[in-house]
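Quick heads-up: it's one chain on its own, the form predicted on its own, in structure tokens.
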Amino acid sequence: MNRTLPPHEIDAFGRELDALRQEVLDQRGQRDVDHIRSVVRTMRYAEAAGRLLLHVGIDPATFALGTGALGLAKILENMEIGHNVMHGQYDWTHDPELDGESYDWDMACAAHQWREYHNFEHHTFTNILGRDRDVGYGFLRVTSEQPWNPAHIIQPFVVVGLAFLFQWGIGAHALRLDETIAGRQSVAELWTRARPFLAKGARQLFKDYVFFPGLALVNAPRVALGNFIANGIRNVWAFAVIFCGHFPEGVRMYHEQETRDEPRGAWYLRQIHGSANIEGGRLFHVLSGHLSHQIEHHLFPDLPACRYPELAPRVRAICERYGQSYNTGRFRAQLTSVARQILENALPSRARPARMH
């Protein structure tokens, strides 16, 4: 149970977190650059090794090693590099390769569309029902505060499909297809949104299933299959990390009226109560793009993510002093909690109003 904070404590809470953010801004430098460059090098070595093993190998062992290395490269590129660079976490380096506005990642989602609906929409209106479209992505019921409809009965099966095709789900999320079905978006606007997604998706399909297999000549089927499995590995991993950071039990939803005229401290509280962390070691955090620290990411999305592990205990200590919950747990526990939420909310129940401060 979170303690209700009076306005002066909400302001003090916000000032403490502002001070933490400023401390990292004052300290960021070569250490952060060294980190992201080392991850970029590792990603490139893994991709080169994976593609070489898939192209020239002929036995199951090189296929397994090549597919695994390529899957690792895709995970590092999407999570620790792409996601964080596109958040602008390294814009201050003025390195064109780390520029958040021009970086384009190795997945089907068009980068500029993701920056619009994720960087702005999701991180501004976090967990506000009707404003944050990431709450169930327009077709899943992840909280009893969402209305139920008969289509939700099959959502446990839909979620499994989404996990394996996650990059396509992220890309299609920009289309706002549910708004066209509900009559709130014209077909012309849908087509305008669909063109960048279809163009990016076509380039990804050509690269993974025509270009690289074509280079392998007689090994083309092996390379295409390796690319397909590597994409699947990345998709399932990204799905698990993101769902554990947003939809386990204990994560709060909000109604728009309770966030009106929200001061900075209340905005911080919403980010903390609307997110969840996953506990693990350093490698786990890097592979998750440090989204295992989803709470710190939502508080400070523009700070280098490699700083989140050292910020986490200090954020948690501030929460404890102000009587605020801090949702964290091991990966299996958070994933089990998400599965329980998906199953329970597939069945009809009375929609509950969001809790007020």
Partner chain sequence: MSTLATNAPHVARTASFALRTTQRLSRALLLDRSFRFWVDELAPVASRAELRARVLSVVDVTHDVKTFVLAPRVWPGHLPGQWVPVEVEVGGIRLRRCYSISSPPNDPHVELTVKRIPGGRVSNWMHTHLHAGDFVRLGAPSGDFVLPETKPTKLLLLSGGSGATPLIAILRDLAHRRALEDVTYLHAARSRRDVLFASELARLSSLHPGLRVVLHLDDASPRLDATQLWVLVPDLAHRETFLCGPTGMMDAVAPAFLGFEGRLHHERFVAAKPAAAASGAGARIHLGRSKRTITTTGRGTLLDELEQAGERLEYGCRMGICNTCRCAKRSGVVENVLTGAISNEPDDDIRLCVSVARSDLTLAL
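Remember, predicted model here, so these are calculated numbers, not experimental data. Positions refer to the first chain, counted from 1.
In what follows, reference is made to the form predicted in complex with the partner chain, a form of this protein that is not presented.
Partner proximity in the model of the complex, defined as non-hydrogen atoms within 4.5 angstroms of the partner chain, places exactly one of 181-189, 94-102, 216-224, 250-258 at the interface: 94-102. Interface residue among His87, Arg193, His152, Arg234 relative to the partner chain in the model of the complex, by the heavy atom within 4.5 Å criterion: His87. No residue in the set Asp134, Trp168 and Phe243 has a non-hydrogen atom no more than 4.5 Å from the partner chain in the model of the complex. Taking the partner from elsewhere, Phe228 is found to have every heavy atom lying beyond 4.5 Å of the partner chain in the model of the complex. With a 4.5 Å cutoff on heavy atoms, Leu343 does not count as touching the partner chain in the model of the complex; it lies far away. Residue contact with the partner chain in the model of the complex: Phe120 places a heavy atom within 4.5 Å of it.
For Phe157, no non-hydrogen atom is located within 4.5 Å of the partner chain in the model of the complex, even though that partner is not displayed.
Contacts to the partner chain in the model of the complex (heavy atom within 4.5 Å) from stretch 16-52: Arg21, Gln22, Leu25, Gly29, Gln30, Val33, Arg37, Val40, Arg41, Arg44, Tyr45, Glu47, Ala48.
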